[in-house]
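Here you'll find one protein chain in two forms, each presented separately as structure tokens under the names structure 1 and structure 2.
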Structure 1
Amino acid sequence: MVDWNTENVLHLLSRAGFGAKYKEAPGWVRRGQALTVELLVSQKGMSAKGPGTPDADPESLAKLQTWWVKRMATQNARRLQEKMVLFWHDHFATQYSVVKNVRQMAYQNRTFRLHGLGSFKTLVQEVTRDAAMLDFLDGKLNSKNNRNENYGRELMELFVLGVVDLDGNENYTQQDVENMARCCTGFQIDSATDLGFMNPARFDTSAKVLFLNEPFEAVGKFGFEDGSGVPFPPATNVIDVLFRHRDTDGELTMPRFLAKKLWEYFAYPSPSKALIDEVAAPFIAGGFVIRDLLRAIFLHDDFYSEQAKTSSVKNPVEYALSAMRATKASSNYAQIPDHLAAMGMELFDPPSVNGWSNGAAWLSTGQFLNRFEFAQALAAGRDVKAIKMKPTQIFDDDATSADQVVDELLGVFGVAARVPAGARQALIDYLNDPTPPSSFSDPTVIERKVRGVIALILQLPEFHIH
């Protein structure tokens, strides 16, 4: 059992959301670990949807990006829900630059919000019939007389099974791709509503064979739903076939695949098989409900290990929004999506079906410099519409020394325990140059020096990891 203290609360809020607000941690400490985690994971699906026109309109896309960024930045009880919307946007990566329909992207974003903590089977079902996905991976072209393999391949490769299992053995064959494509036939998009639907006349009703000669081989007229949009029962629903797939250890493949990906997203890379199976157990027992898997991750002692706190680079959304939350910055958020794009993360337009390259890839030279630009814009922010940050809201201007101010600000940003002594001293020296301030309530000191040290803290390597 971990010591439920401020450090661990800040770690959880950084990973399971977008950081903590100023002086927010003590309330979560008092709640205790179990209740804190339960409050985060227990939020029900929500149908909130951002704005979007049914065409390729840059202004409409900008409004949708702004809407979502503001939601991520300001949600409290639903912070994990929005974090999972971001995760699923990366997992089921769909590019606006291909789809060219903002309303479809808004609907998909809503789907992740509605089902992102619930049944994984339902989520896969909804993504399969999602118009943006049907556009992006050509599912709308896939019919019994003109098969397209794109979605069927990615369904197995990226969304449910993975190319190989934990032992490096292939999970499917080209024949499985071809037969999976047949299972995915029949979906189209209603041009009036921008919603996907099943057209039974285009669906391949013949029998399909999946995972030939495996112990879990399946033969049947598999598909997803009938012409009324009602999902096929487990006996003929291809998602159930995928969920019954087992790896070369004889374990269910999908739970291991998803548990590993979520553990690496929230904790650290390359977890052991034993750990994966441990956190996946309640997910399996509960019928593949995503919140059960997340609960197991956030209650696991290894989630609060030193490795988990120092091995993951914040993506641009995490970096920018955690900085804004910590500083209590206000904004209309209209400029934030441009900052995120400059840092390498243009919302609704990941670079490929594989999503974004996470980890150290976020810290390439150009993108890292753009993080510095954001840090400076935030620290200097005096425009209530763009970014406004008042230093007096996050430090005690009655402080009597630079040491006290620096330590307080390092605590605000959750890095006090990790910043090396030399870096801390450099920040103190910056405040004391050329002479120690006589008063930290002096507006000149606040505007020139305190804002400056905030910018420097946001550029410290320790603030870019969590």
Structure 2
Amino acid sequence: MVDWNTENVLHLLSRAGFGAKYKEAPGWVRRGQALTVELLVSQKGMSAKGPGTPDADPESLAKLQTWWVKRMATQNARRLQEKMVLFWHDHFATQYSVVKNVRQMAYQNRTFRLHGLGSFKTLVQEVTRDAAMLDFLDGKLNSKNNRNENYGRELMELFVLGVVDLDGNENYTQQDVENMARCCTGFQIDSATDLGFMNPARFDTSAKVLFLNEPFEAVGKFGFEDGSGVPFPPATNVIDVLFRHRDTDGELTMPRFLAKKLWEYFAYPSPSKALIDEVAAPFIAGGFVIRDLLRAIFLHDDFYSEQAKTSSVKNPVEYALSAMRATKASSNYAQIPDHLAAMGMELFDPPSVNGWSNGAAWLSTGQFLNRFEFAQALAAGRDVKAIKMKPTQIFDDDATSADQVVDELLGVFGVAARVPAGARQALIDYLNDPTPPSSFSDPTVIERKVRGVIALILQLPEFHIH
């Protein structure tokens, strides 16, 4: 068991949510680790759906983005649920710029909110018949007479199994891709409702062979479901076949694939096989319920290791919203999606079906500079229509020296322990330039210099990392 202190609480809230509000940590410390984690993972599916018109209207998209950003910024009990909506949007990445239908994107977003902590089988089923996905990966074109491999390939490669297992051995063949494509036939989009549906007339009813010559080879008339919860065709749901796939160690492939991806998303890159199996065990035992996997991650001691706290780069949503929470900033959120896009994360439009490149890839030159830009916009925020931040809410203006102010603010942003002495001194020198202020309650000093030093702290390497 780890020591349940402020540092560990802040780490959990940074990863399992979007950062901590100013002075939020003590309440979670008092609750203890087990209850804190349980409160996050136990949230039931939520059907909240953002606004969206059934077309490619940029204003409608902006409204949907703003709606979602506001939820991520302000939800507290459901912060992990919204974090998982973001994770699944990255995992089942679907591009608005291809789909060109805001309502379909809003429905998909709701699906992630409804099922993002629940049964992974249900989630895969719902994504397979999701209108935006049917459009994006050509599932709507895939029929018994006109096969299209696009979705069937990505279902195995990116969504459920991975190209290779943990030892680098291929999980499936091109023949499996073709057969999986046949299993995925029959879905169409109802343009009146923007929902997907199964059209039995377009479904390939013939038998398919998956994973030929493997111990888990499967032969049958596999398909999915018709939306009623009943497999279609009856009793031959191909998701069960996928979930039975085993790797070259003889272990179930899907739980290892998902456990590794979630561990890397929430903790650190390249976890050991033993660790992957440890956190996957309750997920397997419980019949593939996602919250079981998350609970195991957030209760694992390695989740609170130095490596887990220092080896990932915040994605733009994490960076921007953790800055806003820490500073008690307010906003109508209308301009935040554009900031996120400039930092490399246009919500509802990931760069490809592979989602965003996480980790150090977030800090390309241009995206780095756009983080600096956001930090400055927040620090200079004086208008709630954009961002409003009042420095006096997060620092004690009775302070008598620049050292005191810098140390207090470094604490507010949770980076005091990691900022090198020389970097701290650069911040103090900035506050003392051109002459050390005689009072930090002087509004001019606050407006000119304290806001400036807040921008600088948000721009330091430490605040980009978690």
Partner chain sequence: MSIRISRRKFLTGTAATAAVLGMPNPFQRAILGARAAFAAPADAILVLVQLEGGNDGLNTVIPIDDAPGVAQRSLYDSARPSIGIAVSDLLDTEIGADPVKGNRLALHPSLAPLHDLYTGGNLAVINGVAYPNQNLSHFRSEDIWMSANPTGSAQNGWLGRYLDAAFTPSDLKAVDFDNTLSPAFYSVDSNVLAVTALSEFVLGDDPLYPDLAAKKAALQAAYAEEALQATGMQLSVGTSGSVLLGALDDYAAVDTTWPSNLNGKPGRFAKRLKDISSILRNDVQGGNPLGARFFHVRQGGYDTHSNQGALAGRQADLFDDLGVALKAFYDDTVDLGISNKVLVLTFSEFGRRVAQNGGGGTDHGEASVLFAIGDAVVGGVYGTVPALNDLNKGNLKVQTDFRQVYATVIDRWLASPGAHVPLLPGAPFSTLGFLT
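Superpose the two forms; the largest set of C-alphas matching within 1.5 Å is the rigid core. For numbering, take structure 1's sequence and count from 1. Here the structure is a predicted model, which is why all the values come from computation and not from measurement.
J.: Pick one: which structure is the form predicted alone?
T.: Form predicted alone: structure 1.
J.: Please check if P436 moves between the two structures, taking a CA shift of 2 Å or more relative to the superposed core as movement.
T.: Yes; that C-alpha moves by at least 2 Å between the two structures.
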